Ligand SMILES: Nc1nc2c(c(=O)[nH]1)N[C@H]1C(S)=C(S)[C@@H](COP(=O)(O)OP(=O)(O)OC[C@H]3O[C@@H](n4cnc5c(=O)[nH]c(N)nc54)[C@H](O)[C@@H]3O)O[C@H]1N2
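Just one chain is shown here, as structure tokens, and it is the form predicted on its own.
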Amino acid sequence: MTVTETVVRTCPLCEATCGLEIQVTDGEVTRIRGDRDDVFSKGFICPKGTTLGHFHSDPDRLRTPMLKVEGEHVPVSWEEAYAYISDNLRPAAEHSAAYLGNPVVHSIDAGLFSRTVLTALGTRTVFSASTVDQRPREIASGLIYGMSVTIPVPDVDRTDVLFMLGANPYVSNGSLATAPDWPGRIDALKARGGTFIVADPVETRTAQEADVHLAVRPVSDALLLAAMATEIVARGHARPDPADEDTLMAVVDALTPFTAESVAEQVGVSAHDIEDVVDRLGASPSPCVYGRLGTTVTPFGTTASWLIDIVNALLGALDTPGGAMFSRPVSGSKNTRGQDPVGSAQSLGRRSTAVSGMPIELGEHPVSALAEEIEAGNVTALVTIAGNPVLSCPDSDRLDEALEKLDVMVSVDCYINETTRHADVILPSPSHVQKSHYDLAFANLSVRNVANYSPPVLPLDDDGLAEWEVLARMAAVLGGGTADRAGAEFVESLVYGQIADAAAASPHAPEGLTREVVDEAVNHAPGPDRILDVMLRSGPHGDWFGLGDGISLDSLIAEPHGIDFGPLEPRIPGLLSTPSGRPEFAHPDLMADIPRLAAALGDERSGKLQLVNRRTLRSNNSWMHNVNVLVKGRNRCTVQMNPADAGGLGLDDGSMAEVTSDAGAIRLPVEVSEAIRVGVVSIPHGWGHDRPGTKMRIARDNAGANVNVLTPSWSVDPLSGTSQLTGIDVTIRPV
């Protein structure tokens, strides 16, 4: 007899956190559509969200551990895999490193338990996708507000003028601003009489919807923002919080060289256009400035992130409804503990990498330094968790070759991809529909305070392990224990260690809170669900384990469509942890970068084309290219060029071209488009599935070219160590 049921869960594929309605028939996912009752997404869904069933049933997805034997990966038992790790990785721990990929933050299992592996490995050499993404924003927030998780997000549902730089949420679904249905939210902004302004070298899908599109030159955002700050004051639009006025005016005084006139040539738009944007923002009662990847993966990523906050603060748009506000995650975080807003001063430059002296910030090495650290013998053993740096990180060919020099490599991943093909052992993690889900990271970035919990849709595969257990057992082995079922005591110690941390998260815990009270009240599901229950109970809306009124994990289980805790509310000074008890807008490490930015005013242009990255709606991470419904149709891995540039080089739409930078060269088809600025070319990321040894058949049939062959490892933002992925000088010739 056919058995069909419908369940709901949150999509884990990007930051939008859309609710899904999943139909399961006889244990197979048969249909996915948007959950119209979800309190946040209200039925919105993108093409990626419909593919969780395809991924689950993909025959290329690993379901058993793999061991490399004579150059080929063969299936082995969990016991054999962990025995290899114990015999080979543990002795090499002294020169070990770890790489954490982007999917780690999309998984409560990996997010909570990957750190246990790092602790057991004993390494301080940690790399992650952060330094090819958002690290400048985290650094700027840490210096200004005292915590890297204190990141302002646009209150898009209440703003009336939104100025967006380097972001394309109509395609990416938003980033560092968790909000389902960006198109609907922008439509609502315009319907209530608001104005939408976009700065981007490309007339992206988002820019096409803008009331004003500034086709700026790549890597010019910090210059534009610096000029906007001085023009806000000069044109009489400044209305900062009186408590911060003196500090902000000190910043503006230091930015004197930057005016609409002085930056116009470098930014690539007229002074009048810059002044017009400033006037529109200044005349608005609820303006907001928001920047994303195009502002962070540049040599001035941290400074641009800082200047976004300076502009918002000068406009009186920081921590006010309709401006740039701060989420209050229901699960709690470092800035929801009600601490005194006075903390220790943060600073940069305390540690640097061994080979080239790149900055090590927030406990992580820049991923640009991974290849050189391996080449120098400083890293001889590597653990990767849910990442594919050979495709996602700079100077890819060099990194690919460096991985071959490792003595031992262990990966936790679903596929044998361009990176894990180098691994001696690959430990598989379950598919998305086999794991519970709660967005711990993105709750800190949500444009509305909501909470959604999703239990697993399908059971684990035969002999499969939960992702948290895969990681906990690796940590047990690295710590000298065992990985069999007898290692459960070690797993329990990890759980209770995190429970203790979460239970102590607030100095305002009620009287009578004891370990016995916690143990009796807490949900006793294994692993991360139990930890999540503690985080929810001790968070800003928690029930404190039955000692107060509030929520628990059971509350979310009872509300599968989520619970809405309302719009964002002002949180300064309570969320701060700074020496002054106010935002440190004039932090010396940030002010010290102004002369370097001023020097860029005199930079002469190379005359070469400038490469910018792009994302497509059907692609997020590289593994998605092994899902046929996401890659079928026209080839989306092309180099987009303006007709004037293409014609001058003798290139036509569809013809093959070779693109060359100082780092390498790739070949791919040309796509001629009026949407891209003259002098700029665009290539999507995540492609290049043509390396031998991979086991992703659909991706190989749609290989494309790897744009990160062109991105140099030596060009980084000196404050954060983040790689430059945009504004790369390239030359193009017909093939």
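Don't overthink the numbering: it's just position in the shown sequence, from 1. What you see is a predicted model, and the numbers here were worked out from it, not measured in a lab.
Although it is not shown, the form predicted in complex with the named molecule is what the next lines describe.
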For this session: Specify the contacting stretch among 82-90, 579-587, 195-203, 264-272, defined as having any heavy atom within 4.5 Å of the named molecule in the model of the complex.
Result: 195-203
For this session: Let me know the one among V330, A317, A304, A386 whose heavy atoms come within 4.5 Å of the named molecule in the model of the complex, would you?
Result: A386
Exercise. Among T616, S141, T230, S446, which has at least one heavy atom within 4.5 Å of the named molecule in the model of the complex?
Worked result: T616
Exercise. For D221, is any heavy atom within 4.5 Å of the named molecule in the model of the complex, or not?
Worked result: yes
For this session: Answer yes if any heavy atom of L725 is within 4.5 Å of a heavy atom of the named molecule in the model of the complex; otherwise answer no.
Result: yes
Problem set entry | Contact test in the model of the complex: E467 vs the named molecule, heavy atoms, 4.5 Å | yes
Exercise. Is there a heavy atom of N642 no more than 4.5 Å from a heavy atom of the named molecule in the model of the complex?
Worked result: no
Exercise. M147, Y438 and G539: each with a heavy atom within 4.5 Å of the named molecule in the model of the complex?
Worked result: no
Exercise. Counting only heavy atoms, which residues in 144-179 are within 4.5 Å of the named molecule in the model of the complex?
Worked result: L165, G166, A167, N168, P169, V171, S172, S175
